[in-house]
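Consider the single chain below, provided in structure tokens and representing the form predicted alone.
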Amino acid sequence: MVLNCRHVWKEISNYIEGTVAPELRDEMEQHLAHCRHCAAVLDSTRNILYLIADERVFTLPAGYADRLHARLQEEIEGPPSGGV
């Protein structure tokens, strides 16, 4: 099976936690070695986890959560079908 970016994104948390099957981990590592975008997603996710574990408190800009959820939903759903 050849992984695409969406497969990697779907499993990124499991990859970080070390709970993916060894075969999937190998495929993800191959993909991450060649895909700068997914490698950046992995690094960003790890950074978020470090920030969450940090005891410092900071305030997010107004509407940030809504914009983040909307953007993630767009990425998951992909481009609209039918084209222009």
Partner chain sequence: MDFKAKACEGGPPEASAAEAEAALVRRILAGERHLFHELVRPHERGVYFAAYSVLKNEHDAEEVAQEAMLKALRNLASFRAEAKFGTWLTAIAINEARGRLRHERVLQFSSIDAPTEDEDGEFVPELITDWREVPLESLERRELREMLQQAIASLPENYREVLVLRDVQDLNIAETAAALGVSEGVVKTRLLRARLRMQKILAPQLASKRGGRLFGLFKKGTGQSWF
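The term rigid core refers to the maximal set of C-alpha atoms that superpose within 1.5 Å between the two forms. Numbering follows the first chain given and starts at 1. Predicted model only: the values in this text are computed from it and were never measured.
Keep in mind the form predicted in complex with the partner chain is missing from the figure; the text below concerns it.
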* Asked: Within a 4.5 Å heavy atom cut-off, is residue 61 in contact with the partner chain in the model of the complex?
  -> yes
* Does the 4.5 Å heavy atom contact test between residue 45 and the partner chain in the model of the complex come out positive? -> yes
* **Contact of residue 52 with the partner chain in the model of the complex (heavy atom, 4.5 Å)** => yes
* Do residue 33 and the partner chain share at least one heavy atom pair within 4.5 Å in the model of the complex? -> no
* To do: Give, in sequence order, every residue of 18-40 that has a heavy atom within 4.5 Å of the partner chain in the model of the complex, or say none if there are no such residues.
  => 36, 37, 40
* Asked: For residue 19, is the CA shift between the shown form and the other one at least 2 Å following rigid-core superposition?
  -> no
* C-alpha of residue 58: shift of 2 angstroms or more between the shown form and the other one, rigid core aligned? -> yes
* Pin down for me whether the residue 72-residue 37 Cα distance shrinks or grows in the model of the complex relative to this form (closer or farther, change of 3 Å or more). => farther
